[in-house]
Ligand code: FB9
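A lone chain, given as structure tokens: the form predicted on its own.
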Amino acid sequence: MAEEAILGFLKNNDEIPHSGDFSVEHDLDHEEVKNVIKSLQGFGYIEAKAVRKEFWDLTDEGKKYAAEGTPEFHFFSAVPEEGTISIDDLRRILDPSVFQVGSTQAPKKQWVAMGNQVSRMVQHVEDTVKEMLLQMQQGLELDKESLKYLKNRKLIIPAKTWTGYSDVKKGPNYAPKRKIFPSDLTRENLENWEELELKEYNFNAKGQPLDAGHLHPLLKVRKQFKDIFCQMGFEEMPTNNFVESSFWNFDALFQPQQHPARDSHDTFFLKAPSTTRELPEDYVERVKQVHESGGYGSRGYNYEWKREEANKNLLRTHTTAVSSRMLYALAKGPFTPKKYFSIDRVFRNEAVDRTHLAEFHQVEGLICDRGLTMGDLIGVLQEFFSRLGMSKIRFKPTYNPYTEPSMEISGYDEAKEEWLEIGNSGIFRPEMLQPMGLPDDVRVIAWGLSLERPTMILYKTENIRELFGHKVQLKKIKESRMCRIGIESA
């Protein structure tokens, strides 16, 4: 019915000025009219302009200002035309709410000069905000800047939004009646195929979106990292225990018990169970000895090592705690060279901001073999990062409690034309390895980096909270492209 009315009206008229007025005049449902116009426009029968109009209501504060005037106008009016008045006198004269808003808005509009004494900067002002509010009450339209100003002051709130069409005219394919094209081939159609006019097939039309799950960007990048490690012959370590004892997380790594990282300001300690049930006693004794008095060429830290500190349970601060367990297990049997890697979650009691979270993912790789040197470490790192698409990397000395020597890894970002810190590396200290029972000539080279940082760069995410946590938008996850680490985008 609406389609016949629209096409029939345009047969004898140039245009339909307004879809809303047309619906009222022809006793039609406006929603149906909108849908018909959209359909006819898609097939070229008509041309139309979409219209969107917002309606606003005054807030209680806006209604008060419309009736009584704005606080800045009352504030200005309280200042004498000649001379000054003290700010304390104004505070006493005016209502507290009027003084609070007026003392901010009047100087901002350069109506008054503020200080201990207040004076007028102009002699006369118009209460334009009140006028705008009155116009809105009368149903008059305001310009965009005025609406924005009233919204920012929270004097108006959206009431409803009207959508429709204007300037509805004949299109290039106009006809008084829509042609119905057969969309299916039937026996009757085939019998008259020479006279048959079929509906055009739209090869550019998109199909219905599939209802399916979508991988998180972190999982996509994690898969690429894992593939690279596997291609290089690495074996994945089991990282399913988020809870670790301080012994495996710190002490076994030759990290002293008074180290700042072991403080509650940096580490999450568990209340229940607060301590571990069992530790390998012979190994614990060797670790205690190397901390207190040294050994294996080290002087140790020369302090009283406390078992109760080592027993404390915590949320692991790095996956190197898993590495220490794996190396200890490796030392129990005949030595076999190993390549290990892990990618999993770690926890640190850090202030949350746009680049830091209290939980994140650590990527770690290590190689255990006889006679390894810094040259081996640099070579492996160059190969590893080249597979990530970073051919330009450099190193500089740094300090880590459980590696010596240690290196900070930086990569060159071609897009930003700057060097970025991307990870840490080093050779595990003898004070860590030899108490485990590993042979004297065995060395372990290792490196680590976060999973979040490369993911943020790849997916152009500025705020880590948009990537991981409760602020992640499912739409962004759904639309995230495939991970192309080491492959230049077309």
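Numbers for residues come from their place in the sequence shown, where the first is 1. Everything numeric in this text was worked out from a predicted model, so none of it was measured.
Form predicted together with the ligand: not shown, discussed below.
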Interface membership of residue 364, the ligand in the predicted complex, 4.5 Å heavy atom rule: yes
Can you tell me if residue 65 lies within 4.5 angstroms of the ligand in the predicted complex, counting non-hydrogen atoms only? no
Is residue 92 part of the interface with the ligand in the predicted complex - any heavy atom within 4.5 Å? no
Contact flag, residue 179 vs the ligand in the predicted complex, heavy atom cut 4.5 Å: no
Position in contact with the ligand when the complex is considered in the predicted complex, options 36, 446, 48, 436, heavy atoms within 4.5 Å: 446
Work out which of 450, 461, 41, 59 lies within 4.5 Å of the ligand in the predicted complex, going by heavy atoms. 450
Among 67-75, 384-392, 107-115, 292-300, mark the stretch whose residues have heavy atoms within 4.5 Å of the ligand in the predicted complex. 384-392
So in the predicted complex, are 226, 324 and 442 all sitting within 4.5 Å of the ligand, heavy atoms only? no
If you look in the predicted complex, which residues in 387-405 sit within 4.5 Å of the ligand (heavy atoms)? 388, 390, 400, 402, 403
